[in-house]
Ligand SMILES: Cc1cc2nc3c(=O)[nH]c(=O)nc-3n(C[C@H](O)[C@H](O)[C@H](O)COP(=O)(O)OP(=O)(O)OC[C@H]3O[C@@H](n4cnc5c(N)ncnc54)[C@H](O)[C@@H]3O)c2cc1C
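In the block that follows, a single chain appears as structure tokens, in the form predicted alone.
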């Protein structure tokens, strides 16, 4: 069996497509394998929020990762737009995190202090100012924290553009097939799918919540990534348009140029159950009505669901396998897949093509879960 490509990327979500594009633009021969169309896993239910500082905690490796990736986004979007020829809706209009109690206000002040130490502009708003910034907010809002560097991107459009950009750079999307096993043979890696076997020099495992279901020769315990269901609502908003992504303790709101509003998101331990549920929709409707009193007049367009790949420490798994060094993990991004896509692609490409191991990889190494 000949070797048709240098690297196979398993997974066609936001992370897999970002990695495939970065590898291909650096000259690697790349194939993408997934049993679903591009972006139809967790990505389809992503609101695309780019907000690392909302829950900023000093000393958190996740904060360092997401902040560095956010700084890459302007150039990332420009590059993908140029390579794909597609427009990608992208805004850096900031976020407001709204407090409705003294405890929530104290938490925002703590976040403001963290950001001040990092030199990140953030502004505490009193009750009048926060409702001046977002007139549709409930009268129960007693303050808020404005972080101007945040933003959002259309996750589905970005993923499609990444796939197009990767193809323009020579990458190929294998016809839909599910990967069952990865093994080694005579110096090559064999990717066994339900449609046959593929031979390659290296593999990137970016299959999200399904990563742990792929058998890997020589590894007794697969990567410990579990699915966490997230439901999201899409509403036709009829009130005053929100200026920016707006958060509360119960939900977040993402305003689009067409006047629609995304409301997210539930966090549910439901295994691989990908159904939208009455309970999930009801929870989000209650949350948005509590935040925006006029939300009851909005049109209901859709409910979406995705399975977010989580690890026990809520950090992604990025790095080479100990048991199979030609296998690179890029999974477990949980709620930060879109935000971490540019950095993950860079870290993976640097390691695989240039043998440059970024110090950040130490915190997200698969070895923290054993001999993976």
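Residue numbers count along the first chain shown, from 1. Remember, it's a predicted structure, so these values are computed and weren't measured experimentally.
Keep in mind the form predicted together with the named molecule is missing from the figure; the text below concerns it.
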Exercise. Quick one: does residue 20 come within 4.5 Å of the named molecule in the predicted bound form, counting heavy atoms only?
Worked result: no
Problem set entry | Contact label in the predicted bound form: residue 206 to the named molecule, heavy atom within 4.5 Å | yes
Problem set entry | Proximity of residue 306 to the named molecule in the predicted bound form, heavy atoms at 4.5 Å | yes
Exercise. Taking heavy atoms only, is residue 49 within 4.5 angstroms of the named molecule in the predicted bound form?
Worked result: yes
Problem set entry | Sole residue of 226, 92, 178, 131 within 4.5 Å of the named molecule in the predicted bound form, by heavy atom | 178
For this session: Have a look at 57-65, 36-44, 318-326, 22-30 and name the one stretch with heavy atoms inside 4.5 Å of the named molecule in the predicted bound form.
Result: 36-44
For this session: Using the arrangement in the predicted bound form, list in sequence order the residues of 330-359 with any heavy atom within 4.5 angstroms of the named molecule.
Result: 333, 334, 335, 336, 337, 338, 339
